[in-house]
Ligand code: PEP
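Here you get one chain, nothing else, as structure tokens; it is the form predicted on its own.
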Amino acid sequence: MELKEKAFKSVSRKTRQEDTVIDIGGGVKIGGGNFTIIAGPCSVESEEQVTEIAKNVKKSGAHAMRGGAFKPRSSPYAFQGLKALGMDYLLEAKRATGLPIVTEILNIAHLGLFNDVDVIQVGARNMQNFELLKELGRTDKPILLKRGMACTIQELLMSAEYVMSEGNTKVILCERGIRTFEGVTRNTLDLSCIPIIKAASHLPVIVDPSHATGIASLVAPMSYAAMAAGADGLIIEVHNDPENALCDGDQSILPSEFDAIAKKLGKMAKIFNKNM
């Protein structure tokens, strides 16, 4: 089944042949031969926690910090995030480290809280929230758009088109695994989507090995495979105490494990002509 490229105009490589490079703040760029690593906890739990992790991942070579203040959870009784307070803690971590901040928006009514955020993430559950996408398309913020857990590559590109059709050309695509019949991993990481998207679109593509597998021990091999498949970067969950994490501890790696992964990726980058 071929992509229907006539359906997406702004996203298409036929419209723009050269790779789009997006500056997410502080001179950090995604796309165009750069390999960018975003790392941090699934959810912001305290100011001390998020700042400590930010300092650790920066020391290991992370280019940006991720952390959830608003958390979409399958259960209404699960930890939903610290919300506005969590945003304050993220910005404190940014001030302490200088790392650009990536965090998820759930409701356009919260947009005012994102004024100092560097990249607004649209999670898998909101990939086809078209009204949200159109509103974000009217902003000038880089948008990290995650593939829906049951969505096709075509649908991911069409969601990016919604953002770009409103004037915002700063879209970063993210493969985070799709739901299949396999039950060992949380999702099935579709690395084949990277070269497919690269051929059809000029937008940068990063990979989330944490949500894709749901298993901390698989983050390293899937990170290496993502670089080999042509990804422009990674978004990895790192926690200083995964066993007691309030969200997704099973897929979170320790700062020491992240450090080892970053070092190996640095060596691989030379082979694949990537800038890190």
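Predicted model, so just to flag it, every value in this text is computed and none were measured. Start at 1 and count along the sequence shown; that's the residue number.
Unshown form predicted in complex with ligand PEP; subsequent notes refer to it.
Only one of P142, P100, G86, G123 comes within 4.5 Å of ligand PEP in the predicted bound form through a heavy atom, and that residue is G123. Proximity to ligand PEP in the predicted bound form, defined as a heavy atom within 4.5 Å, holds among K170, K94, H202, K71 only for K71. The candidate stretches are 129-137, 115-123, 150-158, 189-197, and the one lying within 4.5 Å of ligand PEP in the predicted bound form by heavy atoms is 115-123. At a distance threshold of 4.5 angstroms between non-hydrogen atoms, H239 is out of contact with ligand PEP in the predicted bound form. Taking the partner from the other structure, ligand PEP in the predicted bound form has no heavy atom within 4.5 Å of any heavy atom of H63. Proximity of A216 to ligand PEP in the predicted bound form falls outside the 4.5 Å heavy atom cutoff.
With a 4.5 Å cutoff on heavy atoms, A245 does not count as touching ligand PEP in the predicted bound form; it lies far away.
The partner is not shown here, but in the predicted bound form the stretch 210-236 reaches within 4.5 angstroms of ligand PEP through a heavy atom at H211 alone.
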